[in-house]
Each structure stands twice: as C-alpha cells, then as structure tokens.
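One chain comes next, on its own, written out as structure tokens in the form predicted on its own.
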Amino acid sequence: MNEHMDKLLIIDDEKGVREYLAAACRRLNFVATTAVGREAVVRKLTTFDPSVILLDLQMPGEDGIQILKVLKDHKSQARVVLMSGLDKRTLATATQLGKIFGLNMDGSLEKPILIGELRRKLCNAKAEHWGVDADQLQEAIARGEIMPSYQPKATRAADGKWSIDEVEVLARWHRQDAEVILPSAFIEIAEEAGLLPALTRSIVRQTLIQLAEWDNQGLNLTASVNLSPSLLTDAGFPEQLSALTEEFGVDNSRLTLELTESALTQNAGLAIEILSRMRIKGHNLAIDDFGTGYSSLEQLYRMPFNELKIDRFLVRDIGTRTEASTIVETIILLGHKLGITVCAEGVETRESLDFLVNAGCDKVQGYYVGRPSSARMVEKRIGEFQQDGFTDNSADLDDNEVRPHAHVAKQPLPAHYN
C-alpha cells in the first residue's frame, strides 16, 4: 500500500492560486503543500515525497518544462498534472515531453481551474490507486460495506449552555480487506455510475436504525445526512424517505438533509419542488459550505433552508485573517435576520469557539467538539461533554475512527460526504 497517496505538491508562482488550490485539495483529504522555484521543489521532493503534483507551465524563472526536468532528475513517481492557460496543443506537447522523461503524466487542467474539474482529477487518481470501479462499488453498497461514521454537533441553548444533541453522518467504505476508504476515493465513481441515490438510501437507512437504537438508550439525537444531487431530480424521493422514517419510528424532524451549493444548480425548478415538499413533511434542510460559492446567497433566497453551515475554511482562518472573521460574523447576522439557524464547521480551537460564541453562532461542529467516529465513541463523547463541556479530544480515537488524510485506520454523503 502506498502511504503517500494523499500528499499533493502545488507548484505555481502566484500565491493566491497556490492558497486556493491547497484549500480545495484539503477538502478532498489531501495533505497539500506548495513550492516556488527549483530549490523549493527539490526540497519538497526530498522531504515531502508527494504522490500528486500540480504544475503550472507558465512561471518566471524556471518554467514548467524546466521543472519537469527536475522531476525527471529526481526520478519522481508522482502523478503530474499540468496547469496552464495556454492552448491545448501546447499542453499536449508538454504532457508528451513529460512522458518522454519517464514521468507519470496525468493530463492537464486549463486555467482558470474549475473546482469540479480538479475534484474529478484527484478523485480519479485515488480511485485508480485503490482499484475501485463501479461494479465493486455497487457490490459494496449491496453488501453494506459502506457504513456511517458520526461527527457530533454541539447546540447552544437559550441559557448559553451547550449540549451534543446532533450528529452529522459521514460515509466510510469498510472493505473486506479491513481497509477503510474515505469518500474522496469513490464518490466521483458513484456519481458517474448513477450509484449515489442507492448509496444515500443505504446511509439513511443505517442512520435511522442507529437513531432508534440511541432512543432505546435514552439519547434523543438528531442526524444530518448529505443529500445526493441525483435525488433532487427524483420526484418520488420525499415519499420514499417518509416511508423509511415511518418504518423505524423516527420523526421526520430528526433528519436534516444537507446540500452543497453545487447540488442546487441542476434542474433548480424541480429541486425547489422536492425541497419544499421535504420541509412540508417536517425535515430540516441545511445548505453546506456556505460562504465560498458564487451563488450561495441566491440559493439561500430561493430554497426553503432552515439551517446554513459556514464553510470550515472560513472558520479555520478566524483569528488570523480579519476578512474571514468579518465574513463569519456577517453570515451569522444574515442567518439570524432570515430566521435561520447557523452552524460553524471546522471548529478546532478554543479561540475559534470563543469568537463564535461572541458572534452568536447557534451550533458548532469540528474536532474541538468531536471527531467522526463510531456510534460507541459518540456515546462516550456525549458523556464526557455532559461532565466537562468543551475539551480537546483530538487524541480520543477508537478502533473504527478515520484519522485525517488517512484511508486506513485502526479506529472509527462534500465533496458530498466528507
């Protein structure tokens, strides 16, 4: 097994581009780093040992062709993806040269780079590494190998006290060889093969079973599940979902359906119809990754959401970038003005939590609250939280929990399910 599969090196002379791509790649569970110039590239090849390299062709000083020669001299085994605003023939020629150098060339991305194209390229790289194809994935869904992991969410009551009364459901593929694979390695294949609806239904069913089990333990938890864009074109899905909740005796209000902005751009008219019917049936609706998309405000205005989740990368920069802090405060104010609950994702420090408390945020989610883990560990975390409140539990992992940036774990639907 290649333990470096998740390491990505971005070589570009523009700082803004490097930061943008690094943040996007981390969403896909890559450990991303950047470099500019020959010396920095050589240093990263030696100390970082990337598995994937994004290389800009047009750079002052050493251009992309010269960097290809550096990769050749260091016998790099990484997949190399070229980036450029040049014409396709030039990109094809540079790709061919890389192959002549003996490099593992993996095509190109035209600038400006679309996140969807980048996501497809990196997800396909992971899928090929793991030998994942549509047939295997379909069998895994049928066998129940793709199972939910649960990340706790904390809610603030009117008296200012916090409690864990909700979890977000995250899909994990537990293969028969005992390896645990994150969605970034298979979600793109599921989407292309039309398997996301079946995958989502399986995750929902397992979640409802778990909610019923928690009810028997006296834990009245709610759950949020990422919704496949494919289901927003299925007019029968609201009834199918209601049939599931009725089967397991779970009230519809205890199941929140999360959607990313990109999921709402496909057949918007039908999406509004389906989401409205879900709200009428009592389900809660959350818009995920809010604050980074171009049309987030438009979707918030048009769709019947009652919760918005602030993108984790904005939350991460609280305290280090004034712009991020200002945007987060503004989003919280906007949500409250619209009568919408606001949840901040990616809360990892006490400083971030304190800022969000002062800004009036309603819910928080992140490693400072609890990591994605098994149902057993969620129960343990709730008990700890009731006793001690917020504590740093970053090392609190059980035998099924997936560690950051790792596929294989000793313990535990992004971009839908991560």
Ligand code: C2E
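These numbers come from a predicted model, not from an experiment. When you see a residue number, it is the position in the sequence shown, counting from 1.
Below, we refer to the form predicted in complex with this ligand, which is not included among the displayed structures.
S.K.: Using a 4.5 Å heavy atom cut-off, which of 71-79, 344-352, 159-167, 276-284 contacts this ligand in the predicted bound form?
M.R.: The contacting stretch is 344-352.
S.K.: Honest question, do 17, 56 and 121 all end up within 4.5 Å of this ligand in the predicted bound form by heavy atom distance?
M.R.: Contact check failed for every one of 17, 56 and 121.
S.K.: Within 4.5 Å, heavy atoms only: does residue 307 come near this ligand in the predicted bound form?
M.R.: It does not: once this ligand is placed as it appears in the predicted bound form, residue 307 has no heavy atom within 4.5 Å of it.
S.K.: Indicate whether residue 64 is a 4.5 Å heavy atom neighbour of this ligand in the predicted bound form.
M.R.: Outside the cut-off, so no.
S.K.: When the contact criterion is heavy atoms within 4.5 Å, does residue 106 count as touching this ligand in the predicted bound form?
M.R.: Judged by the heavy-atom cut-off of 4.5 Å, residue 106 is well away from this ligand in the predicted bound form.
S.K.: Is there a non-hydrogen atom of residue 203 within 4.5 angstroms of a non-hydrogen atom of this ligand in the predicted bound form?
M.R.: Looking in the predicted bound form, residue contacts with this ligand include residue 203, since a heavy atom lies within 4.5 Å.
S.K.: Judged by heavy atom distances of 4.5 Å or less, which residues of 138-158 approach this ligand in the predicted bound form?
M.R.: Result: 151 alone.
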